[in-house]
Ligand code: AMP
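Below, in structure tokens: the form predicted alone, a single chain.
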């Protein structure tokens, strides 16, 4: 496995791979790798010949400098895990490499920027203004540098997945986007790098997965009213002492809120456990679920 820190080096490496007919796949991450990230490698490995792990803690998608500063940074450990998982190339550039005119130029809109579309407007986008603009900008930069044939994004960050799909469609990138299943710990909690910031003996975060599973069961047993589903989930989260950021039932493609679950919907939640913000989601299917009646994306 190769660890590259510069754009020039990684372009040279990948150009040689392309000349030999290799199909390039990329796994975008911000580091602090866990089993969820490694599952993305396993998902994309059969779809390509050369796996690139993008490892970049992007400051422009953080709303709080304090949140950015305390995000785990474990490059040496990440590189070892990537090698063990079968990654061929880790690209871990510096902030200066990616933002050559400095972050001030980005924030002051003196440099060219890419903005997120309608899938970013609600949920985390509404609660964290500018977050998804930072996400789509850095992913556009990533795609321009690496020029992959395929990229994988986890369903754990469900809204981000939809935002990236819209980016690829609207910007006419010839890149296949693979959606990888959300990975949970044995306890039920969705795997996240932010879990390292939680108190090890706290059981409160488990309320998110309990709330989602209870909502899923209610839908499968015939509950189709989105407001009732939201209140059921929110009640479980509040009882655990978590502070709710949002609980929403949405269309699975557009992420627009729905009043009634018809066949399928997506339940997305965000809540604070102390100062740590956690997100989670689950697919809801009604008792009369009929795949043939589902609308297609696009």
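Please read these numbers as outputs of a predicted model, since none were measured by experiment. Residue numbers count along the first chain shown, from 1.
Not on display, but discussed next: the form predicted together with the named molecule.
Comment: the named molecule is not present in this chain, but in the model of the complex one of 134, 148, 154, 205 has a heavy atom within 4.5 Å of it, namely 154.
Checking 258, 30, 48, 240 against the named molecule in the model of the complex, a heavy atom within 4.5 Å turns up for just one residue: 30. Mapping the unseen interface onto this chain, residue 86 falls outside it, with no heavy atom inside 4.5 Å of the named molecule in the model of the complex. Contact annotation for residue 181: at least one heavy atom lies within 4.5 Å of the named molecule in the model of the complex. When the named molecule is considered in the model of the complex, residue 143 lies well away from it, no heavy atom lying within 4.5 Å. The closest non-hydrogen atom of residue 159 lies beyond 4.5 Å of the named molecule in the model of the complex.
The chain is drawn here without the named molecule; in the model of the complex, the stretch among 35 to 43, 250 to 258, 264 to 272, 232 to 240 whose residues come within 4.5 Å of it by any heavy atom is 35 to 43. Residue 71 is the sole member of 67 to 96 found to place a heavy atom within 4.5 Å of the named molecule in the model of the complex.
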